[in-house]
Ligand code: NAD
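Below you'll find only one chain, the form predicted alone, shown as structure tokens.
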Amino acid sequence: MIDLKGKVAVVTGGSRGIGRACSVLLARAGADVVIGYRGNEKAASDTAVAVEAEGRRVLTVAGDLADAEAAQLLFTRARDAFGRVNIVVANAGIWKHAPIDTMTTGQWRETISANLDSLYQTCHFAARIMKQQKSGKLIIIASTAGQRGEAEYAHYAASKGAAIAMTRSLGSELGPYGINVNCVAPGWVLTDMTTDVFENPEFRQSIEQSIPVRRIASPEDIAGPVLFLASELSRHLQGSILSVNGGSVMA
């Protein structure tokens, strides 16, 4: 039922984890994909091969999206290559441990830059294109940390709470231009970012037991709702937060 043929999707942080899963699933549904990544060229190349295996065209663009020039280049190259941008998945970000009493200004600014400044730049340039087109799907990846907070990750939670607020603000602002703006807020997901914390089997079991469905999400579990939001099935959703966490936060 979901057919994205003829659509072009830009996925930031698209080379690994949730971003990779979104890139591949959107391609499987028919979209051509532009993968924005910060520095891991090997991972971006591997994801591009996976997209091409789905029979779709792909472009990879490196850059720190907190920088305006890098973000503008991503969207310029996407439109130059494919002529349009129909779907944007704003997924780029980091998750680093830092208790508030030992958190440095540098750690705070690093997370806010990677998670929030990059989101602003992504939405800024996406909106320019989508308003001209009078259509688009802007999907922001937040976190349960932005809904309930997360001890010893206050900088991360603050950035994701802001992402949720941006979703609602931009949903109101961009809706009249035919642009749907919605958010997916994952809970725990098995990705490169969480590998270290789940090496402790007791900790992993404690997390699994805290989730009503008794399992930790895979990146593909998050990509599914993203695909729904990228499709016309979600055309009447605006400023919504999809909590994809197995029931651990029922907001």
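Just count from 1 along the sequence shown to find any residue number. Note that the coordinates shown come from a computational prediction; the quantities given were computed from them, not determined experimentally.
Just so it is clear, the following notes concern the form predicted in complex with the ligand, a form of the same protein that is not shown.
> Given that the ligand is left out here, which of A78, I141, M130, A71 has a heavy atom within 4.5 Å of it in the predicted complex?
When the ligand is considered in the predicted complex, the option within 4.5 Å is I141.
> Choose from 130-138, 88-96, 101-109, 175-183 the stretch whose residues reach within 4.5 Å of the ligand in the predicted complex, heavy atoms counted.
Flagged stretch: 88-96.
> Counting only non-hydrogen atoms and a 4.5 angstroms cut-off, does L65 reach the ligand in the predicted complex?
Yes - in the predicted complex, heavy atoms of L65 and the ligand come within 4.5 Å of each other.
> Is there a heavy atom of T60 lying 4.5 Å or less from a heavy atom of the ligand in the predicted complex?
Flag for T60 set to no.
> So, R204 and the ligand: in the predicted complex, are they within 4.5 Å at any heavy atom pair?
The answer is no: R204 has no heavy atom within 4.5 Å of the ligand.
> With a cut-off of 4.5 Å between heavy atoms, is V189 one of the residues that contacts the ligand in the predicted complex?
Yes - in the predicted complex, heavy atoms of V189 and the ligand come within 4.5 Å of each other.
> Going through 156-179, which residues have a heavy atom within 4.5 Å of the ligand in the predicted complex? Please give them in sequence order.
Heavy-atom contacts within 4.5 Å come from Y156, K160.
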